[in-house]
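One chain follows as structure tokens, the form predicted alone.
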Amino acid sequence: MTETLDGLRLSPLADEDLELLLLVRHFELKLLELYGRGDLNGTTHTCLGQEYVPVALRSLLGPADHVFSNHRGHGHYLSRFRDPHGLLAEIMGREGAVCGGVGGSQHIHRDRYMSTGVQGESMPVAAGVALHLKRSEPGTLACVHIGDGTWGEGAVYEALNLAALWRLPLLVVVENNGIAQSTPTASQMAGTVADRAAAFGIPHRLVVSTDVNEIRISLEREIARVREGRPLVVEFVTHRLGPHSKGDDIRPADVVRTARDNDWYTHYAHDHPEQFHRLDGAVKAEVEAVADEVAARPLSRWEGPCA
């Protein structure tokens, strides 16, 4: 069954939630600035425009749940730990890095959180962890974030098959931003995510709202059922504001404009200006201070496995 959420005016958020949304937004913008200045090496994939997905899920997940992230995972990490110092130190290879600076932007392991840039790799791993949780820690779940492009990987279907067959507590969060790196989803994916979930008898929820409160209310009961062994696919129809990584955005101007028209940031500033402006500048200043402090640290050293 596919259900749709849609909200026209964003509901007021608790300060804590808005601060987290703004933290992810300004963290990502700062990363792009640092790359532009040549202060960072390698590449990165920002989640600009998609920040509300992990923030909405944050209160629906517990500390005993496992979270598997992907290449676009800064928001997932920050929503889980609210640790901009550790994440930026990891990306910059500075002391205090989450994984000693060897994981970088995409490959992070901390407590019950793991991210990888290998598309589809996390699905069977999450299914295996979900099996372990079912046997040893009933009531907990494994949450795995994937994108629309990941549905081209065969490992996704092997994992869904076992999740359905063994009734695993597996929550699959699909952030469908309509483009897989530089290929529009409509050009590389036949059918729909809902149809593919239905092929395995797995319930599917379609979320088109960017309203954090609305999303939480709608998904609360469904995620509780996941904990009882009823796997679920939640598909967020979202928008990627920036390029895939940094300089590879070939989308037509009207597509980029549509993404910006759907940006929660501008919508929330319009709907709740007093709260937004009270917090936006403060969080931006916080991120600036984090960047200055982390950049001044010595280079990190690899001293053993991640947490």
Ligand SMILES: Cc1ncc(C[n+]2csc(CCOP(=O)(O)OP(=O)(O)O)c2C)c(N)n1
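All figures in this text were calculated on a predicted structure; none of them were measured in a lab. The first residue of the shown sequence is 1; numbering continues from there.
Quick note: we don't show the form predicted together with the named molecule, though the next part is all about it.
Asker: Considering only heavy atoms, tell me if S115 and the named molecule come within 4.5 Å of each other in the model of the complex.
Answerer: S115 lies outside the contact set for the named molecule.
Asker: Indicate whether I179 is a 4.5 Å heavy atom neighbour of the named molecule in the model of the complex.
Answerer: Residue-level check for I179: yes, a contact with the named molecule.
Asker: Does D148 reach the named molecule in the model of the complex, with heavy atoms at most 4.5 Å apart?
Answerer: Contact check for D148: yes, within 4.5 Å of the named molecule in the model of the complex.
Asker: Does any part of R94 reach within 4.5 Å of the named molecule in the model of the complex? Heavy atoms only, please.
Answerer: Although the named molecule is absent here, R94 would stay clear of it in the model of the complex, with no heavy atoms inside 4.5 Å.
Asker: Hey, of 148-156, 198-206, 218-226, 122-130, which bit sits against the named molecule in the model of the complex at 4.5 Å between non-hydrogen atoms?
Answerer: Only one stretch qualifies here: 148-156.
Asker: Considering non-hydrogen atoms and a 4.5 Å limit, which listed residue (R80, R110, H71, K134) is close to the named molecule in the model of the complex?
Answerer: Contact residue from the list: H71.
Asker: Have a look at H66, H244, R58, H26 for me and say which one sits with a heavy atom within 4.5 Å of the named molecule in the model of the complex.
Answerer: Only one option qualifies, and that one is H244.
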